[in-house]
Structures are given as structure tokens and as C-alpha cells.
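A single chain comes next, written as C-alpha cells; it is the form predicted alone.
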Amino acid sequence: MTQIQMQNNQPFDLDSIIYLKSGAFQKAVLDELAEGSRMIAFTPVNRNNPRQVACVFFNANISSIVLIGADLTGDDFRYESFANAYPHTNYFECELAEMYGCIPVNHPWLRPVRKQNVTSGNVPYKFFKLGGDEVHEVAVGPIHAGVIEPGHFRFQCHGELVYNLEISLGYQYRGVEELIVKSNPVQRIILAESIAGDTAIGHTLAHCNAVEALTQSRLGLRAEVIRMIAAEIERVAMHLAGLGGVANDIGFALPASSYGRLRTLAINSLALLCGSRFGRGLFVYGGTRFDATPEIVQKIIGNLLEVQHDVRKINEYFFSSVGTSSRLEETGTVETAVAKNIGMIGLAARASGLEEDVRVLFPYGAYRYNPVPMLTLATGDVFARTRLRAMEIEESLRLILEQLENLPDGEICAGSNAWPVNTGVVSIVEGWRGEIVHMACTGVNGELVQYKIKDPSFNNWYGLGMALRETPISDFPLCNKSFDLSYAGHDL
């Protein structure tokens, strides 16, 4: 076998990786992609030896994670690009080239990932230009109004219609992966909480799952359920924020303010659990720092019952409006085939008809005992991305309230064991935006030698670009909010 197959959060021996030469590596990866696998990481296994790389795939057909290694030392650190046949691999190849200088030969569009003005080797980057006398260019950002994070959007337009949107990010780059490798265990959880401020629970859960899998720490069911409840409250809160943002962008003030009020109730429920409205401080290796006492449980139930009752009324009012329908339907559409081709994930993918939910495909933690349905819509427009948020809120509230009514007994923290040597693990969780991937590898002394993170925004910024094709530029804020992607999560 030239590949390693594993389950979500299953440790594997780094010495068992077979590092293929360029030709064999090319064939193995193309065979895996032909089976319907999707790339989720392309990275060196050890930061100190960047020429030995691993391609990691999500294979839903066999419910496995697949890893294929390559030693590109004798190939001048080059390989033949996979992106021409499988476009979703494009950005992973760009990232590997930018970070480590590994060149994908015949790549269709080698562009910056987090460096705004240069590609690999500090070659000046030229933005795409559309020719024609009636074509004009509009540049937005990186400085935005309000509290929007910095990102640069360059539109090529013919009249009002956008023919191409190129997105340049990287202004929030902090080197989080390297910081996690170099930091101590106490700092690592704090760093995980800071990857994307609105997904503190999602990223910290992935990080803790990875560390606990490496150290073979077994959590009690109570701790796993509390973690799941926190993750679903985060999903509810951020979907409410997204609904409010869409309502605000179409000038529908009453539901916009009402969704905002309910989001406050949701994040206040997180504060009841751990003292932070964003869930910071809740997680420790081996469980949770705080328990859900009967008094706290009843207060959270009261809050969420109010959210459940009120959001149904607000959704009915919002989605029954003719104005809402006229603005959201058939706006910013990403067809199913396009979404699959570019590797969209999470809610945006499900709104385009793709069945992409880690909780269903690769269940982890308490989701192994509490299955959730795969919710999808087919139209791929702003309406679908907005309506699906409302549907997921309803389902998450049902799950949370069910768990709070039947919270299992037991310890909330089992502690953590020693780190193993020469071991790797891939942890995947479903954040509120979609699939979060954390990959950790240890060295000969049990120290971290590599830590790779993929936020769902890494996949889905391309989806926003496709949604704007032949769409009036005035619809950009609405399309942008319907995806609701993270700048910091992309930039790391």
C-alpha cells in the first residue's frame, strides 16, 4: 500500500508513510482524486524537512481519511500540478508553493494566498485584467467601513455586471501554525481559540480532539456532550448573526434587529457555561474546565426556548416577505457542479445541493451517539444560503435542548497523557461555516514538528468569486454576507 487510511482522530505512525517519487506520487494522487476524494491538506509532515510532503484526502465513499506521501528532494522540489484536472486542489498547491517553495509545474493560476503582491519566489503578481472599451475595474478594500476585517476585492465589470472577482487576502496573517508548534500546552489552547474569533469553539474543539487522540486521552460522555452543546450554541449564534446581516443588507430593519437580539441570548448562554460569550476558556485537554450545574442548565434552557419560539415567528415574517424573495432568489447562484468542482464545503456547499457535513460523514465526540440530519437545498443562491441557516438553527436548538434535558452524569475532565513520538493525527470537525481540519505531527522526542490548520473559508472564498459572475456589482454586499466568510480564519 502506498497510502495510509485512517479514521477521524485516529493516530498513525509517521514512520509508516511511504514517500513516493514524483511520478509515482502523481499517479497515486490522481487515482485517489478519480475515486471522488477531496483534498483537505497538502503540507510537509515536518516543518524542518519541507521536501517530504503529505497529501491528505477526505474520502466520503469509504468513510476514511487517506494520506499519500511524496519525497520531492530529487525532483528540484517540483511536481506536475493536479489543478488542471481537479480545480479544487488549486489553492492547496498555491499555499504549498508560497510557504515552502514547492512548485506545481503547469499550474493554471499560481497566485498569492497570503502575500498580496507576489507569488512563490517573490515573483510580482499581476491581477487578472479584462479587456474592452466598456470594461471598468472596481477595487474595494482592504480598508472597509465598520468592523469588517481587511481584505481586497478587485472587480472586472462590464456595465453593472461582474465578469470576474479576484480576492486578495493575507492582511490578518499571524503565523498561528508556527506559534502552536513553538508554544507550550497552555498557550496552544489560547492560540486555537484565537484562530477565528467567531469560531473559537469550533477550532478549539478540533485542536483538543487532535491532542487527545495523540495522547490517547479518553473523555467522559458528560464532557463530550457539554462540548457538543457549546459547538451547537455557537452555530445558532452565528447563524442568527448571518440572518441579521442579510436582513440588514436588504434594508429589512425589523428582522435584522430581532435576529440580533436573539443572538445575544444565545451567546449569553455560552457565558453561563464558561464566563465568555464566545466560549473561550471552556476547553481543557481531556474535557471541559466548567461543569453545567442544574441551575445553569435551567437558565440556558430558558434562554434557548425563548430563541426557539421567537426565531420561528421572525423567520415566518422574514421569508414570507415578497421583498425578501425578490432580493434573495436567483441572486449570487453557485450551481451544484461548480460547487463540487471548486471544493466548496459546509453550509455554502449544502445550499448548492452537496452533502458535506462532517457531523454526518465522519461523526466525532458526542455526535457519534446523537446523529444529526444532512440538511441541503439545491438552488445555490443567496436565498438557499440564508434559508438553510434558519433550518440549521431549528435543528441545532432541538439537539441542544434534547441534550440539556438528558445531560449524562460523570467527570468533566479526564486529564491528558504523555505525547507519543513520531505520530500524526488528522482531526476534522464541522464548524458553523463548515469543515475545520487540524493536523498534528510529533517528532522523535514527542515534540510538535508540524501543525496544519484549514478553516472552511480557505475553500469557500472561491465560491464567493463564482457567485459574483454575471451578477450586478451592487449585489456584492448581499452575496458576501450570505457566505459570511472569515478573513482571519483564512489568513491564520
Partner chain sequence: MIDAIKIRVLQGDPIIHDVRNVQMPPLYRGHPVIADKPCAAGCTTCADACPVQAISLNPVSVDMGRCVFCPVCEENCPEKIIHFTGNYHVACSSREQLVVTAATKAVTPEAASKKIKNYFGKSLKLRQISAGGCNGCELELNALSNVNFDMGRYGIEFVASPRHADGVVITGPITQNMTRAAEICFEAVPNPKIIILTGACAISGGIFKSSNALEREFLNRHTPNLYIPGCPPHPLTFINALLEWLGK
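Numbering follows the first chain given and starts at 1. Given the structure is predicted, the values throughout are model-derived calculations rather than measurements.
Beyond the structure shown, there is the form predicted together with the partner chain, which is absent from this document and is the topic of what follows.
Although the partner is absent from this view, residue 158 stays clear of the partner chain in the model of the complex, with no non-hydrogen atom inside 4.5 angstroms. The partner chain is not shown here, and in the model of the complex it never comes within 4.5 Å of any heavy atom of residue 163. Although the partner is absent here, residue 171 is a contact residue: one of its heavy atoms lies within 4.5 angstroms of the partner chain in the model of the complex. Not displayed here, the partner chain is kept clear of residue 338 by more than 4.5 Å at the level of heavy atoms in the model of the complex. Interface residue among 176, 230, 393, 208, judged by heavy atoms within 4.5 Å of the partner chain in the model of the complex: 176. Taking a 4.5 Å heavy atom cutoff to the partner chain in the model of the complex, the contact residue among 309, 78, 129, 136 is 309. Look at 401-409, 371-379, 149-157, 208-216: in the model of the complex, residues with non-hydrogen atoms within 4.5 angstroms of the partner chain sit in 149-157. With respect to the partner chain in the model of the complex, the three residues 142, 191 and 194 uniformly fall within 4.5 angstroms at the level of their nearest heavy atom.
Residues of 228-266 that come within 4.5 Å of the partner chain in the model of the complex, judged by any heavy atom, are 238, 254, 257, 258, 260, 261, 263, 264 in sequence order.
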